[in-house]
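Only one chain is shown below, in structure tokens, and it's the form predicted alone.
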């Protein structure tokens, strides 16, 4: 596998030969491979933004060269450079740079305007991008009407509208509160893990470093070391690096969840867990809906799990027509969905806040939800089985067996279909509880 980006002995010197000469980069050599998430880290003034802008082609090197997809910047024609900027690279800045006189939708579609594409085509894709990031209802508003976190989502949607393979982000959460910052970082991680886009982000915040596959440390215009959290490079490229041991799932609870949800990977536990939760919860609750209705619902459930909206807001937006940025559901279905999510989240809250007393209410929840007509002895068996699963002493398969096993043989004595439904819903609740 060839590197996607190669930086060869790059130097950037401002005002060269003058009394106020300043050296921003010194002999920087670096390779970045496809699908990597690389963070360039260091204090203010260390040259990290200069390096990012050089990769973007916005800063001309004084010496050295940069190659992207095997093409040297210095040998590209202006037309080739323009094509790379329009379709190959997406830029996200700390300051958003949205045009205040344009609507949110027009801001997102702006890169497509410069390519002369049809109005209907770019608006369709713009709406789709806004819907993905949970801000489609803001399409007709102006930047001044949005929060900082919403503006950065718009900026990311704009950077993605031409489907570039490389996203360059310069301190993208520097102007955001902690909750909005976390949401934006989640989005970038998902773009890398799910969409397989190469992410290169500049930051001075050490709390962000865990998101990256590889961290490039800079000081005084030089790369001083790199740390590796997850190596996506070919074997021959892995030389002279400081390795950081990748954390493996150590808790018994996570191991049990991994056995229940085969598509949940250990690396998803950090930032992809909430999107995974939303997808699993929706697939558990929904049927007979088209892909667009499910997609919008998944976005809204994700917002609920991120605590950006509550279930009442989710219900109202699910009931809106799809063309107005809603889910296109009917009112009864939306109310039923909101009620189910509310009740499941209430069980999650009990398990987290009052674990010692949470099993009896959980048993009552299943009795009501699945109309279990059981006597006191079977109820005690049900609570015992639930308690074992809550403590991660058993997994989904054993839970289902105990629920299905006849009372005479020591089980709860539910029928097979009900036992399967209860055990599956319990796994969703346990997944939602995990953090």
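Note that this is a predicted model, so its numbers are computed, not measured. Residue numbers count along the first chain shown, from 1.
One more form of this protein should be noted, the form predicted in complex with a small molecule, which is absent from this view; the next part is about it.
Stretch 22 to 30 is the answer when you ask which of 22 to 30, 378 to 386, 65 to 73, 402 to 410 has residues with heavy atoms within 4.5 Å of the small molecule in the model of the complex. Proximity to the small molecule in the model of the complex, taken as a non-hydrogen atom within 4.5 angstroms, holds for one residue of 39, 390, 56, 46, which is 46. For residue 415, no non-hydrogen atom is located within 4.5 Å of the small molecule in the model of the complex, even though that partner is not displayed.
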